[in-house]
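Only one chain is included here, represented as structure tokens and corresponding to the form predicted on its own.
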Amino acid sequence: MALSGRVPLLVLLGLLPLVLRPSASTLWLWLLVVVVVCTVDWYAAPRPSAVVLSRAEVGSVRMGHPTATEVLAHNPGTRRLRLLVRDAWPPSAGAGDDRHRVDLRPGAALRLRTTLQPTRRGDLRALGTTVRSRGPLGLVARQATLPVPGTVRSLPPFDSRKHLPSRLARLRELDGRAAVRVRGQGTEFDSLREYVRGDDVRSIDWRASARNRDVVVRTWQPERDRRVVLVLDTSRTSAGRVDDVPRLDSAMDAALLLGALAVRAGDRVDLVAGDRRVRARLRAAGTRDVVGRMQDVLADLEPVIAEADWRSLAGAVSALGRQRALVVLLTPLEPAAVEQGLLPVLPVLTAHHRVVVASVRDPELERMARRRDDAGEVYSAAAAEQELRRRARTAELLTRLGVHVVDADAEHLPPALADHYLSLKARGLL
């Protein structure tokens, strides 16, 4: 039951008979009249269950992007229904315009549209649809929450998609370069062409030249059909926020851009995510919609407040195959976590693969190191400088072990990682 604002006004209207006949009996008699009228109005209100509600499938949407859900309201009865319907969703679904006034004649149907703009990844489920039916006097309403199942899958936003066209243009330039400019160990033979002035004489194919009147040189293309393995760290260090964005979300953004670029370059992309154990595994070889599958797998991942078991993650990488691959470890460059957990495992990975560590750097450390206006800021600057030096030492240690380190803030990490991939591909080092 829900009372409207008319009920207090009806109670106040009892002041008139109370003035004409001031007594306690008049007061109680008037209150009895109000209760009887409200009860009659409640019984006269249509039952909320008289309307039949069903929901169309919502599907998936990138986090922060708008979508909509529709509920079909149908009146199968013989009585006209005037209802107030609220389509309830959790706050993270960003529901707007979720209250609808419905006037349904017998046999009529109406679609109720609620806009959604998720602010959290994962599956967001509808909490129910509340139906309120007022009586003919508008004093009392019947109210019930009806189960109308609905789910919207919120995917990682992939904000770094804006960098993809420029990197694809560089990739096309790389594919079109001559052999002499990309010639080196690991490049793949493409075709033969006539020698032109300026070509490296080391590219001349003497056997083919002997069969032709002109001198012929070999051309090369960047390697294709290589393997790229993305390893996403979901341990406690990934739960930290940089500029109010979790490190894990920034790492996902970088992984999506690199995955999209590698697929366009003709390489195979695999994904492993975990902490104490493997939380997600994706073998995307032979598929074109790698980014869509990666987004679907990453949608449910959340940081786990536990240390990463890098032996388990390295084992998952090895289980994907023994073929040489570019293994990208998307993990924060935290000195303690790297030195205690990752370093003992690195020789296993570097023995068979080319390893890159991609880390989200907190720009607040640089800002703190520059602020020295008072004594408190001087102490904070000293602590920030010490942390920056520790990160630099850790990066230097990884470099000595043959690991490439890409350390950038959340906005610049995806393009920096993509550029590093293109650089390796141009030099034939994949």
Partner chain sequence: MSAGTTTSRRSSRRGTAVLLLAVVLLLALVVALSGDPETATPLDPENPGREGTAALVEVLADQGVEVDVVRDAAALEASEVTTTTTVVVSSTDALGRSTVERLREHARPGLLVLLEPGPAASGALGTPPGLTVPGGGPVAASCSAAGVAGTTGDRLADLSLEVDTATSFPGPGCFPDGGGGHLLVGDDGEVVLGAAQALTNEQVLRADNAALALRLLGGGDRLVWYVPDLGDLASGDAVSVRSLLPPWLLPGLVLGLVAMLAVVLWRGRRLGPLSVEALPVVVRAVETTRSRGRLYRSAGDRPHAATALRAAARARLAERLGLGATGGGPDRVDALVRAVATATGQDPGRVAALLDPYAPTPTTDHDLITLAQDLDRLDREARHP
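Only the largest set of C-alpha atoms that superpose within 1.5 Å between the two forms is called the rigid core. Numbering follows the first chain given and starts at 1. Remember, it's a predicted structure, so these values are computed and weren't measured experimentally.
The form predicted together with the partner chain is left out here; the points below concern that form.
The partner chain in the model of the complex comes within 4.5 Å of a heavy atom belonging to residue 385.
In the model of the complex, residue 424 stays away from the partner chain, with no heavy atom inside 4.5 Å. Contact annotation for residue 247: at least one heavy atom lies within 4.5 Å of the partner chain in the model of the complex.
The closest non-hydrogen atom of residue 124 lies within 4.5 Å of the partner chain in the model of the complex. Contact with the partner chain in the model of the complex, judged by any heavy atom within 4.5 Å, is made by just one of 113, 74, 120, 283: 120. Contact annotation: of the candidates 105, 172, 352, 99, the single residue with a non-hydrogen atom within 4.5 angstroms of the partner chain in the model of the complex is 99. Residues of just one listed stretch (157 to 165, 258 to 266, 316 to 324, 86 to 94) have heavy atoms within 4.5 Å of the partner chain in the model of the complex: 86 to 94. Contacts to the partner chain in the model of the complex (heavy atom within 4.5 Å) from stretch 375 to 407: 375, 376, 378, 379, 380, 381, 382, 383, 384, 385, 386, 387, 389, 390. After superposition on the rigid core, the Cα atom of residue 34 is displaced by 2 Å or more between this form and the one not shown. Relative to the superposed core, residue 415 undergoes a Cα shift smaller than 2 Å between this form and the one not shown. Shown in the overlay between this form and the one not shown, fitted on the rigid core, is a CA shift at residue 376 of 2 Å or greater.
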